[in-house]
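Only one chain is shown below, in structure tokens, and it's the form predicted alone.
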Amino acid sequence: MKIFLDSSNIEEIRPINKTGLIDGITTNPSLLAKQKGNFKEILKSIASEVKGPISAEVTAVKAEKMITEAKILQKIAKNIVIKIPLTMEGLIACNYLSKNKFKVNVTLCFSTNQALLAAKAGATFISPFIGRLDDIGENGLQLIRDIKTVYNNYNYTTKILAASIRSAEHVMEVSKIGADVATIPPKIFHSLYKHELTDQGLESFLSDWKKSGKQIN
């Protein structure tokens, strides 16, 4: 499973990207609005740091304007993916853009039917928001399972990009289901490699080594 970082903060992205474990980035208008400076320059710096797909979202609500904004966003960097909301207008825009060689991430997906339509419209990625479904008492992980079943039934090439990840357990579960991508906040990324037994074991090993007086040289 690929791991994308859900962030528009280059200072958060850069040190994590040094691990070599980040396959792409997702942004949205809310994340970009929190950053100081020109949004194009922010996206350009992210796209130069991370070589994988960088999702940048349109803010228009009508298909024609979405397409205009998509053309502007694509010029920022070669690895920009156009993020489109899962609305009727968004599906129209997705259909047009995918036919014209744009990579499209259809976002704010909350049902299998929505995911089916996005795939038929040619979406490169579909972004089901599992945490937000959990918030209203529905099962976000079941949505990932159902979308995967439908896509497998018809051999759709649209990649399932699990979004609204709230915990390390979410990451584990979507990887077990077989999501193609999980996009996670920096805080969740850092939680993936941490374990109290790792910390205890390292402390013990280093303590024993220090007592021995030996050195690696």
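Keep in mind that this is a model prediction, so the values were computed, not measured. Residue indices: 1-based, along the sequence shown.
Omitted from view is the form predicted in complex with ligand G3P, to which the following refers.
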The stretch from 159-167, 172-180, 62-70, 37-45 that lies within 4.5 Å of ligand G3P in the predicted bound form, judged by heavy atoms, is 159-167
In the predicted bound form, F129 touching ligand G3P (heavy atom, 4.5 Å):
yes
Checked 66-86 against ligand G3P in the predicted bound form; residues with a heavy atom within 4.5 Å, sequence order, are K83
